[in-house]
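One chain follows as structure tokens, the form predicted on its own.
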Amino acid sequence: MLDIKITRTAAPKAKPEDETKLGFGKKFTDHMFVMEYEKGIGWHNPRIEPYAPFQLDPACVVFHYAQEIFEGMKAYRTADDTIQLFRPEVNAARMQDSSDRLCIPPIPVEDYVQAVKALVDVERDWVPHTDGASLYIRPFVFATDVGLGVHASHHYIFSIICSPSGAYYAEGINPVRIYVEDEYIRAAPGLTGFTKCGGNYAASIKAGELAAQQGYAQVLWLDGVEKKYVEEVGSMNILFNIDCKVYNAACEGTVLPGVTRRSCIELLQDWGYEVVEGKIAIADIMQAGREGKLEEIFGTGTAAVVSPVKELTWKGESVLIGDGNIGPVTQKLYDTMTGMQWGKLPDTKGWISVVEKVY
């Protein structure tokens, strides 16, 4: 167990007065968690301290070779003022997988969860009270060796920051239009597609900007070898409901194993749906759309939980999904997931972890 030292700020920030205007990732809480790593010593000096900039050398490895990883989570306030997390141990395990690929020393799952809970406990007054709003949690690790040689760093910082965030669907769930990208690629076998590292996101920006210019909300990526099989969208996994079967790209090295994706699949299987994980050709999806068999498409991720899709465009052809509104399976998943997260439905899966008042 970590021996976390706590130094509270002497100048607390004013809490947001209007939680309907929080946005995402724009405001940050009073404190942050920090812990360092040094080769030969290991992870040490865990602490919670006032939120402040890091002082880093211009030759710091992370600036030049992008040796860093991160996670994304949320804390939710229930009607009885309980603060809870959703499957934090799964995020911790995924960060270990990212660590292994990026040659970063792993953080034990129990230490990761303890650090997250400790910071959220200290910042519990920052967890929004408004329905649908939450406290976004960003754990991240970056290399801090000074020097321009390309090698795994011997020093790292693990930090956690928090940001109160508004309801993703402030005005209701609006299905989005998605553009299928067939020029640029997001990942290829043997690379870092399955990790949560900044380089994956940086490489996706160009295609996302081009899609946005044409009025699309997201990019659907195809595989990096044949450019034939669907993988994931810009910031989410994606699932296809075709003839009452739900299809999803397998997480075999090029697709991020999303926590929300995994949870939705478990729920779908509990409800009797057949979920097929494997290679899904974009041509087959478009054909299903032409034949009226493409019943629903939805993305899954921490921010939106589920995001319905109303239109898919590939090589100049568009197919419309359903009547343009959120489908019944997507709606049921959204209601069930958010119901558990905000304590409106019982946690039948053992996914909820309560943040106890310790600090």
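From 1 onward, residues are counted along the sequence shown. Predicted model, so just to flag it, every value in this text is computed and none were measured.
Below: the form predicted together with 2-OXO-4-methylpentanoic acid, not depicted.
Using a 4.5 Å cutoff between non-hydrogen atoms, residue 72 counts as a contact of 2-OXO-4-methylpentanoic acid in the model of the complex. Although the partner is absent here, residue 196 sits close enough that one of its heavy atoms falls within 4.5 Å of 2-OXO-4-methylpentanoic acid in the model of the complex. Contact annotation: residue 247 falls outside 4.5 Å of 2-OXO-4-methylpentanoic acid in the model of the complex, judged by heavy atom distances. Interface residue remark: residue 138 is counted as part of the site for 2-OXO-4-methylpentanoic acid in the model of the complex, having a heavy atom within 4.5 Å.
Note that among 61-69, 302-310, 317-325, 40-48, the stretch whose heavy atoms approach 2-OXO-4-methylpentanoic acid to within 4.5 Å in the model of the complex is 302-310. Think of it this way: in the model of the complex, 2-OXO-4-methylpentanoic acid has a heavy atom of just one of 165, 235, 153, 114 within 4.5 Å, and the residue is 235.
Interface residue among 273, 169, 201, 184 relative to 2-OXO-4-methylpentanoic acid in the model of the complex, by the heavy atom within 4.5 Å criterion: 201.
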